[in-house]
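What follows is one chain in structure tokens, specifically the form predicted on its own.
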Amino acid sequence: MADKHVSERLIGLLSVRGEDLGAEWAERVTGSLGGRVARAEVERELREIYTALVAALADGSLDGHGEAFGEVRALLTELSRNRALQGFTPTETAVSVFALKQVLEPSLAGEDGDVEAYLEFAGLLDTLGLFTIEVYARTREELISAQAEQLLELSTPVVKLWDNVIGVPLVGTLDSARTMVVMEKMLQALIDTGSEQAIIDITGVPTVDTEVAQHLLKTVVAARLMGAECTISGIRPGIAQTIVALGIDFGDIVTKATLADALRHALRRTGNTVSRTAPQAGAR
């Protein structure tokens, strides 16, 4: 019964003073966003939430997680995702809900107001405000994850070096996730180009430890299963010493010091010959 009484009190206030309260709410939220969202856009968003909120209160419940507030949560989800994609902070996002408490405080918590109704409604808005932060956090995590995948794709190119020869130049740390991307892209490139030779160049890989070596070996084995031969290039002196110290055995895998050496090897394996030509007369 208490919730019903509070809901009726709130519905009466929100309905009678809806236009004034909505305008003040939009003004506070627009100000908190630093003008980065147009006032008309903020008013549209909040008007929809305001209407859904009044409709939910008509159900007589103040449970923000309840079925009656499903439409409110759906609208807040859209708002939170938009704020996250636009680069706003969690605080700037949640203020879209919490500002309504400040707007209603003079009417409900004043001398002639209903303190009980204000406290109940403030609790409801706290629940909805926390909901917006949760949605915001999930959206940011999804965005960061998508960006990380895009960076993996960009940092792991597969290039055609010659007929039947592809290359995978690696730069930076090689971990499990990146190794999977390397393997998938290289195997797909072997199919697409019909290549029989693949060169994995690790000149830009700062260190090679046991884990990195295992990742490379798995990639080479996967290529062999596709009928291709892999050559690993970019074995610098420091990396060579580390590999020996760790006792890592590359077995019969061909390794070369430079990409040029690896390319010459791959060309010979495909039946091509590499020779130097005499410089033309007058050439510098």
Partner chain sequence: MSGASRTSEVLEITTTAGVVQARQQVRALAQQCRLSLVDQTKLITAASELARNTLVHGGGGTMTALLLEERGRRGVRLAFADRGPGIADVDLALTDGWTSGTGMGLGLSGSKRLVDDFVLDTTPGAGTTVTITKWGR
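Numbering follows the first chain given and starts at 1. Here the structure is a predicted model, which is why all the values come from computation and not from measurement.
Omitted here: the form predicted together with its partner chain. The next part is about that form.
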| field | Contacting member of 211, 142, 192, 71, with respect to its partner chain in the predicted bound form [4.5 Å, heavy atom] | value | 211
| in the predicted bound form, the residue from 251, 227, 247, 35 that sits within 4.5 Å of its partner chain by heavy atoms | 247
| query | Can you say which of 183-191, 72-80, 200-208, 134-142 gets within 4.5 Å of its partner chain in the predicted bound form, counting heavy atoms only? | reply | 200-208
| field | Full three-residue contact with its partner chain in the predicted bound form, heavy atom 4.5 Å, for 12, 15 and 61 | value | no
| its partner chain contact in the predicted bound form: residue 30, any heavy atom under 4.5 Å | no
| task | Determine whether any heavy atom of residue 147 comes within 4.5 Å of a heavy atom of its partner chain in the predicted bound form, and answer yes or no. | result | no
| So in the predicted bound form, does any heavy atom of residue 255 sit within 4.5 Å of its partner chain? | no
| message | With a cut-off of 4.5 Å between heavy atoms, is residue 238 one of the residues that contacts its partner chain in the predicted bound form? | response | yes
| Partner contacts for 79-94, taking its partner chain in the predicted bound form and a 4.5 Å heavy atom cut-off | none
